[in-house]
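Only one chain comes next, encoded as structure tokens, the form predicted on its own.
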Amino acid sequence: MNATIDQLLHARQGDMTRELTQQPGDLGNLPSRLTPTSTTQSICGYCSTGCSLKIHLDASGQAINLTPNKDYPVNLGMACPKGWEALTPLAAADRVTTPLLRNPATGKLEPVDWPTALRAFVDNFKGIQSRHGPASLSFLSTGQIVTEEMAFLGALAKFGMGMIHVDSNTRQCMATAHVAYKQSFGFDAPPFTYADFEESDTLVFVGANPCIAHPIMWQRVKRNRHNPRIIVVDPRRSETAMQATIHLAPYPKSDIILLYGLARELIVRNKIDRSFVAEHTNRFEDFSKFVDAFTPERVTRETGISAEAQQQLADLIASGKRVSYWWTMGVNQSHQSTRTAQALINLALMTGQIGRPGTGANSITGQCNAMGSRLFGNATSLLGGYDFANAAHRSRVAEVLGIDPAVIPNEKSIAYDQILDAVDRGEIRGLWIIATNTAHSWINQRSFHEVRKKLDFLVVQDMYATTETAQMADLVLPAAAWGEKEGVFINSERRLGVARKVSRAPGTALSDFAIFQLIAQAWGCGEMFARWSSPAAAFGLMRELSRGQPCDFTGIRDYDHIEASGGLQWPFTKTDARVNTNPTTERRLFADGRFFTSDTRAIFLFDEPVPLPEPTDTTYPLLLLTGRASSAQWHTGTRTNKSAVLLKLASRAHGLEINPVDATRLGIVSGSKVTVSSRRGEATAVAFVTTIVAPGQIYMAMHSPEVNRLTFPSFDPHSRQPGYKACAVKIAPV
């Protein structure tokens, strides 16, 4: 093994030396047209909006500042606080700059060189496989790295290293939308474009707070010239709800009942597009019979929404000419999330509100590249949206990649929660975590801390060694961050945008792509991935894998083509490229009413609602809601907490919202410290007394390091997405 690693490093000495020793003025892949104090552009690496930022460079070519790109069709010159501070995390003092290996004698992580790190990776992981079989290794990845890296990681792990089951933190945010679209439309295909925010006369937001979570999208809503009616369905009177025409606050996780009741009311009023339903859908009659049981009386009884409010909702929907439905984590993170998302899809289908400007059943994605992960993560779907169980699909992927079809598994991966269950059972003994902070973000946080003890070897690949997960690792691999590498992100509206390298990674940190190349060589499967010579080469493979798929983007030439076009939405085929020399920047799906199912018809899907898995009782009488509390915070704060500006803007984001009725009963005043307890753990917070939350409910930010000590591990049966949003708790003053 020593000889193999040494030979590898010698063979790659030129590439390694260039990546490890680049000075700020020698960034290698910056556009040659750049002159001192010039600019380049890059897609932001935070949320799924996909804003373009102009990166300002000093005379040496190093990024020194940024401004929003006013010519980009996504953000139109706007940026949220995170975007303005996107460069700050790169210079953080706690960046990991060299591999770290835990010393068994001291129990501490200690710096080592790359050859030592690679030997530790290969020796430990191969040792685990020799003792326990190929399925004893797994990885948990991210929606934050570029698509080329996601595709390379999935291919390397499954085809080269023999892993069977892998997943990413996209499971925590977008698995529901992926499954809902795939089941209803035949492919994971969000139909909209951001221009629909400005074209609708009626916008329905369910479990979504774009004012805070996606502020640039909210600004697009504010640009709407049609004086639109805005409907918000959310248990909490969120910032978006405060600006709504009508806010409906159903009991948490009863929104599916409200949506079924709305469908019934529209059918009773005959506000159905009968022609569209007959020509382009299946199972509407079954759906119509099913929702007949959701009378106004039942809806009121089970959601708390009055019959009058239900009628007002139906009036607004029925009178709308261009109605769009939007959802995000409030729907996706639920024990019955897939059917709730499909309840929204069903409403769009039955009224023909799809495929036209200002319409659609539209999922707003979470992470910057969750859409890329959904297409190329290689977990539930084979690269490019193919099916692991289909022999012809495996052969097609093998042909493009130049590999033996026999190395491609014939089954999809189990999900994130099931992988951790397999660790708990002792079936998975080696785990590789890339660019995610599982020890903080996983539901019922204590469970991960317990199963980690059952791992023989844990590898964490990240830009910081200070995360809760990295601190548990046996080996930490130092990764370059956004801005220190290049590749493609795919945003919520299916737009491919290019993230550029504008800064040198610190120390001996490498891009994730380069780390995967090193591991492939060290593992002994480097030849299998010879075609993956660079991110640009990987993009070429991905482009070919997309050929003939609903996501076909074979008409895209290269990164420069994407940039020059203001980003390009899939599909963008060779034919599209020939007939659209100046492609429109806004492209939506299903204008012809043809979907991606075998008979081109969309499918109405539905199930009887399921009660909350953990209802309140006398011991735990309050329901905890969680969500994003500030546009200045991001996930577990790993990057945003490096910015003093963002910390100040988000200073109240870690408080606890409680209604005055409950606060008075419990003797709690604003500014006082409280303890929140569930059956799984305890957290402390500062109370904020407000009518934003309803009596019997409290609200805490998902960014709080303690909140997932409390959350209940429920999972949607179709998407396996965790239900972070509701669990039973009690609260007391400290």
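When you see a residue number, it is the position in the sequence shown, counting from 1. What you are looking at is a predicted structure, and each value in this text was computed from that prediction instead of being measured.
Beyond the structure shown, there is the form predicted in complex with a small molecule, which is absent from this document and is the topic of what follows.
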Next on the checklist: Check Gly366 for me: does it contact the small molecule in the predicted bound form (non-hydrogen atoms, 4.5 angstroms)?
Outcome noted: yes
Next on the checklist: I'd like to know if Phe596 sits close to the small molecule in the predicted bound form, meaning any non-hydrogen atom pair within 4.5 angstroms.
Outcome noted: no
Checklist entry - Using heavy atoms and a 4.5 Å limit, would one call Ala514 a contact residue for the small molecule in the predicted bound form? => result no
Next on the checklist: My question is simply whether Ser546 lines the interface with the small molecule in the predicted bound form - judged by any non-hydrogen atom within 4.5 Å.
Outcome noted: no
Next on the checklist: in the predicted bound form, does every one of Cys173, Val206 and Tyr464 come within 4.5 Å of the small molecule, counting any heavy atom?
Outcome noted: yes
Checklist entry - Quick one: which of 377-385, 196-204, 625-633, 553-561 gets within 4.5 Å of the small molecule in the predicted bound form, going by heavy atoms? => result 625-633
Checklist entry - From the list Pro535, Gly372, Pro99, Pro235, which entry has a heavy atom within 4.5 Å of the small molecule in the predicted bound form? => result Pro235
Checklist outcome for this item: With the partner omitted here, the residue among Phe192, Trp482, Tyr260, Tyr325 that in the predicted bound form has a heavy atom within 4.5 Å of the small molecule is Trp482
